[in-house]
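There is one chain below, alone, in structure tokens, taken in the form predicted on its own.
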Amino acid sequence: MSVPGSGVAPRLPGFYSLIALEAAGSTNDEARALAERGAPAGTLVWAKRQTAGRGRRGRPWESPIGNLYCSVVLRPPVGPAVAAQLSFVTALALGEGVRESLPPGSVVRYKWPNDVLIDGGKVAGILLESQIGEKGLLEWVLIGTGVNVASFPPGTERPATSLSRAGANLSVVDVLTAYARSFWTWFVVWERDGFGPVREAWLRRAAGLGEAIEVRLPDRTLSGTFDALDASGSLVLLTSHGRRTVSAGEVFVGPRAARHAMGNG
């Protein structure tokens, strides 16, 4: 298919059915409406810009033209805890999809649970949303992805970057194509072999592993050392009060975390 306003379309594996839009409130909202109407797995919504993009916890996601905004519909017959592992599948797909286009010496890292970093700056975020059926299994799960291709928002709480700033000469179509192909490869691995291979590959590029970090929870902040990723995808934190397993939260890596390590366990 052709892309509105460009005439250029990504070349995707046959698993995908691409829906390209000039604009959307958010691609996850568009994908949700399609999923609720029975859209098959592989339905991929791509918008050139979003007018109401959002990240985790409903935070706004700036969405100007020139960056990638897309959401894919999946229907794996699993429960929500297992489906959460798709965040790691997606991070791997994004990182591997762009890594070869970066200058030598560039460092790609994955920050638990759903960010991709280049040289310490956030270049991509991942948002999973799902609907649970009567038997506790998912009816569908949406994976929304935002990638800073040409630009990134200034003044963010944590450093941000873009592929352009990192030295990758890639168009949005290039990034979508590379990501979709890599995602399909890793999704097949996850379905066939489980979380083990995904976990191992993610840990090889995990940001903060073995270092002092902070994990911000809704009601408190934990400080300690990022010790491991368990078999389900939860973060294992070594604190002054022992090991803690965290299934959801926001991780901060760097000097601020180091100053508070082993403090608020």
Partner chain sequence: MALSARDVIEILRTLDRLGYRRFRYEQDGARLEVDAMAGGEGEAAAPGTASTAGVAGTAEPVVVEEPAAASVPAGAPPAAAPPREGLVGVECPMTGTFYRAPAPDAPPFVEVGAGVGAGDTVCLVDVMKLFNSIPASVAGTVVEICAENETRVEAGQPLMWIDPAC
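Numbering follows the first chain given and starts at 1. Given the structure is predicted, the values throughout are model-derived calculations rather than measurements.
The same protein also exists as the form predicted together with its partner chain; that form is not shown, yet it is the one meant from here on.
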**OP:** Can you work out whether its partner chain is within 4.5 angstroms of a heavy atom in all three of S130, D230 and G249 in the predicted bound form?
**Re:** yes
**OP:** Verify the contact flag for G167: yes if a non-hydrogen atom of it lies within 4.5 Å of a non-hydrogen atom of its partner chain in the predicted bound form, no if not.
**Re:** no
Original post:
Quick one: does I118 come within 4.5 Å of its partner chain in the predicted bound form, counting heavy atoms only?
Top reply: no
Original post:
Applying a 4.5 Å heavy atom distance criterion, does V107 contact its partner chain in the predicted bound form?
Top reply: no
**OP:** Report yes if any heavy atom of R199 sits within 4.5 Å of a heavy atom of its partner chain in the predicted bound form; otherwise report no.
**Re:** yes
Original post:
Exactly one stretch in 169-177, 149-157, 90-98, 130-138 has heavy atoms within 4.5 Å of its partner chain in the predicted bound form; which is it?
Top reply: 130-138
Subject >> Stretch 87-119: residues contacting its partner chain in the predicted bound form, 4.5 Å heavy atom cut-off >> reply: S87, F88, W112, P113, N114
